[in-house]
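The chain below stands alone, shown as structure tokens; this is the form predicted on its own.
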Amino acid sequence: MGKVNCYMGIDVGSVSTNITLIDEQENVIEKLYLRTEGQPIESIRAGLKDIYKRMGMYVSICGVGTTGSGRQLAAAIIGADVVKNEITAHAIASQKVIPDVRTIIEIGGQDSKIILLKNKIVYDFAMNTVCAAGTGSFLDRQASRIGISIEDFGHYALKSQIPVRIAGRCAVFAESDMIHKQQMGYLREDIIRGLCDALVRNYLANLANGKKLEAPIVFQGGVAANIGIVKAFEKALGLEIIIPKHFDVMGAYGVALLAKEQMQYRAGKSKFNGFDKLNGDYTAVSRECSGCSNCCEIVQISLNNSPVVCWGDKCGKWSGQQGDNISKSEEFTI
């Protein structure tokens, strides 16, 4: 029995690293979610080793795409055919599930996004990377602080009869107000429901401010698993919220679809380095280019002390360079 042709998508974020494998029919045949824990190289390595153990004997990788804040790093390590930003990856994945989607709400571990589409084209978007209120990491911390699991958080919210109003403008105010309401003796479920409502108000005020949110609305990212937040969005918008089956890995799914499309139009084999290249010693070094007044911060990735790729320049001078040409230039200063 021959191996199944597959395309891999990798989404490396500050909180999680997600990997998906899709087949020629664009079905997700394997997915993986693991914590980045501040070590993206190790998380990529661990994730791919896990994928290899599960599927390596049965699949042939025909194309690879990377996205997320660590997309360039992942592309350098594994050899990617496509590197795309999160907005594009999430929009592609949503349109695959809901072809006429008009609004995408995406809330991950440490950032939030809103993406608006018309005629299948992204025409507006916004990202919130400053305040952590409403993100997965903030909800994780609040669930731990009040002594419940994050899996039960949303179900507690649904038990509430009289939600308490919580100040959700920022993470610090929200946590302080929750503590204050706990000290006043309010029921835990009413405080949790109040927090869900507050975080949705914060999202709509900051990211959707002035934007018209139209149905169908797709909610993706790890926070989409929180039924309390989902119901708060439906109440605030008066519209149904759609949660896709693979809501937790939609970025990785989208870039896997893009990798498949890319390989259909490009002759030749995938740039994928293979699972055995993961055993090398990868390091990242930040340098400053002195070639002009921009003084761009250049990130250089080395394998076993040999430079392999770099990025971060505005002019593109170094992004196309490989090997020793990178480190020998006098325009780099550490």
Partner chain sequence: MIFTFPHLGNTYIVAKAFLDDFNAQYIIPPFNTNKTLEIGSKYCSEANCLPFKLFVGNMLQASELGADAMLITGGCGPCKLGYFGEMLQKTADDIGINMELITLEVPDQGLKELNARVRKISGNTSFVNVVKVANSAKNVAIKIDNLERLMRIKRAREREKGSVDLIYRAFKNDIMKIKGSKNILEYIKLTENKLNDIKLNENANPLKIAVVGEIYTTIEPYANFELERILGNMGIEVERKVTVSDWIVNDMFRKGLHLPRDSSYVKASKAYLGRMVGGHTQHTIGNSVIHAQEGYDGIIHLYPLGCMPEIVSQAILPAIEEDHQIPIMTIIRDEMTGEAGFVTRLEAFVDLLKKRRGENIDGQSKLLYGY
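Keep in mind that what you see is a predicted model, and the values were worked out from it rather than measured. Residue numbers count along the first chain shown, from 1.
As for the form predicted in complex with its partner chain, it is not shown, yet the points below apply to it.
Participant: Using a 4.5 Å heavy atom cut-off, which stretch among 216-224, 182-190, 257-265, 241-249 contacts its partner chain in the predicted complex?
Facilitator: That would be stretch 257-265.
Participant: Is Ser160 close enough to its partner chain in the predicted complex to count, meaning some heavy atom within 4.5 Å?
Facilitator: Close contact is absent here: in the predicted complex, Ser160 is far from its partner chain, nothing within 4.5 Å, heavy atoms only.
Participant: Contact with its partner chain in the predicted complex for Ser137, defined as at least one heavy atom pair within 4.5 Å: yes or no?
Facilitator: Although its partner chain is absent here, Ser137 would stay clear of it in the predicted complex, with no heavy atoms inside 4.5 Å.
Participant: Might Ser306 be said to contact its partner chain in the predicted complex, defining contact as any heavy atom within 4.5 Å?
Facilitator: Ser306: no, not in contact with its partner chain in the predicted complex.
Participant: Look up in the predicted complex whether Asn85 has a non-hydrogen atom within 4.5 angstroms of its partner chain, and give yes or no.
Facilitator: Asn85: contacts its partner chain in the predicted complex.
Participant: Which residue, Ile92, Ile105, Ala75, Met178, is the contact with its partner chain in the predicted complex, using a 4.5 Å heavy atom cutoff?
Facilitator: Selected residue: Ile92.
Participant: Taking its partner chain in the predicted complex as the reference, which of Asp100, Glu234, Glu151, Asp124 has a non-hydrogen atom within 4.5 Å?
Facilitator: Partner contact (heavy atom, 4.5 Å) among the options: Asp124.
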